[in-house]
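Coming up is one lone chain in structure tokens, specifically the form predicted alone.
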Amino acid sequence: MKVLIIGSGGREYSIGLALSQDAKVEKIYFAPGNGATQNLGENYQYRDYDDLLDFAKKKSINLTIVGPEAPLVDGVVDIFKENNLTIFGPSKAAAKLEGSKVFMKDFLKKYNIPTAKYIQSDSLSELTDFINTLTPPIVVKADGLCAGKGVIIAPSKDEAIKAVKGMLSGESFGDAGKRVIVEEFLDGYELSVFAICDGENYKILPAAQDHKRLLDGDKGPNTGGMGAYAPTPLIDEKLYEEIEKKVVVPTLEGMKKEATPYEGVLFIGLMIVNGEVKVLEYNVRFGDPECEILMPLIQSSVYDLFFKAATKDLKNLDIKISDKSCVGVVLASKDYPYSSSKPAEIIINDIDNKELLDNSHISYAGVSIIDDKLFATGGRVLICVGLGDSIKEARDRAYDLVGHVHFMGKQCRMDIAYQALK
């Protein structure tokens, strides 16, 4: 089978790596890919979605997988389906669950899915009045896509009002902030739960935990994610059942009622408050870096998982999940997340330890080939992934691999998975 993966990050590399080890897959294309994906398949620099469509037809692609959110919100799935091509991901209408935070919050309210109390408005006075009813900290969100940066946790009412003004004026996030959500701050612990959906049926993957803050101890600014681990011990069978009953099932049923059945990855960002499930957000694609630590845990055919979801046949899939643990540590460039950094050559030491060789790998993200050498050219450069019989063993292997990778300005957190190892 021939597979086309849309995207260029570590998420897309990790999907490609899993597919490259699947006997059913003969050829992988990445559009546009990065400097390392060409080791797994062939990169294609596309001009627009029509160009990409022509490429998929020309290469007789059997399955297209969409990695990032922007093409989904743009409607690439609709374009491919209108041309009878099999593609994994939600329609443009269904992708509004991530494309519009206002739509998402109103959807949660309409279908009685538990979430924080909130208001959504483009009126400064309405938003200010609601802010004055809350106890800080206060959460302020821009409506549209902001590359994961459209959420501000304000420590005071004055700071919350300032954040709202910045969004409504277009100063903070342009048109994405022209409508704003203000909501109560939920105090608990976060979980990332991923359901692979075909519109009717679903398969839930092991719950993961992401580390958003730049620095150890969850200090510093929010990032796209500095590491993740799965499965997390912060969830048990009872909580999985609650998530299915109160979130996954009503979401899929609600989307059907909206005439936008949900197909693809449903990424549910949850806050667990005193044992109660609350939805923070939906994303309509795999998280990054969560994807990098979930792919190695899928023991059955990854191609079948994506293909059967894309062809409404998940009920006939028996998915096998490893009983191992997986930890990923992101290596970022010197000035991330504040500004771009100068390209830096990546040097990887030879690994003599067979246990490490067999139970770790690198998923590449912000990398390019310059003069036949691999360079760090993005914010999050790569992720070192370790597998083990326990989270501690997986974490130790991930950090062992970190020690083998060098580039100027390399930075990473040293406490990934600390919540599970307290």
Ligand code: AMP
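We number the residues from 1 along the sequence you see. Since we're looking at a predicted model, the values are computed, not measured.
There is another form of the same protein, the form predicted together with adenosine monophosphate (AMP); it is not shown, and what comes next is about it.
Residue-level contacts in the model of the complex: of L234, L124, I153, L215, one residue has a heavy atom within 4.5 Å of adenosine monophosphate (AMP), and it is I153. Proximity to adenosine monophosphate (AMP) in the model of the complex, defined as a heavy atom within 4.5 Å, holds among I119, L85, V302, L186 only for L186. Contact annotation for I161: none of its heavy atoms lies within 4.5 Å of adenosine monophosphate (AMP) in the model of the complex. For the chain shown alone, E190 is a contact residue for adenosine monophosphate (AMP) in the model of the complex, at least one non-hydrogen atom being within 4.5 angstroms.
Residue contact check for E281: one or more of its heavy atoms lie within 4.5 Å of adenosine monophosphate (AMP) in the model of the complex.
For A344, no non-hydrogen atom is located within 4.5 Å of adenosine monophosphate (AMP) in the model of the complex, even though that partner is not displayed. Heavy atoms within 4.5 Å of adenosine monophosphate (AMP) in the model of the complex are found in exactly one of 198-206, 307-315, 161-169, 135-143, that being 135-143.
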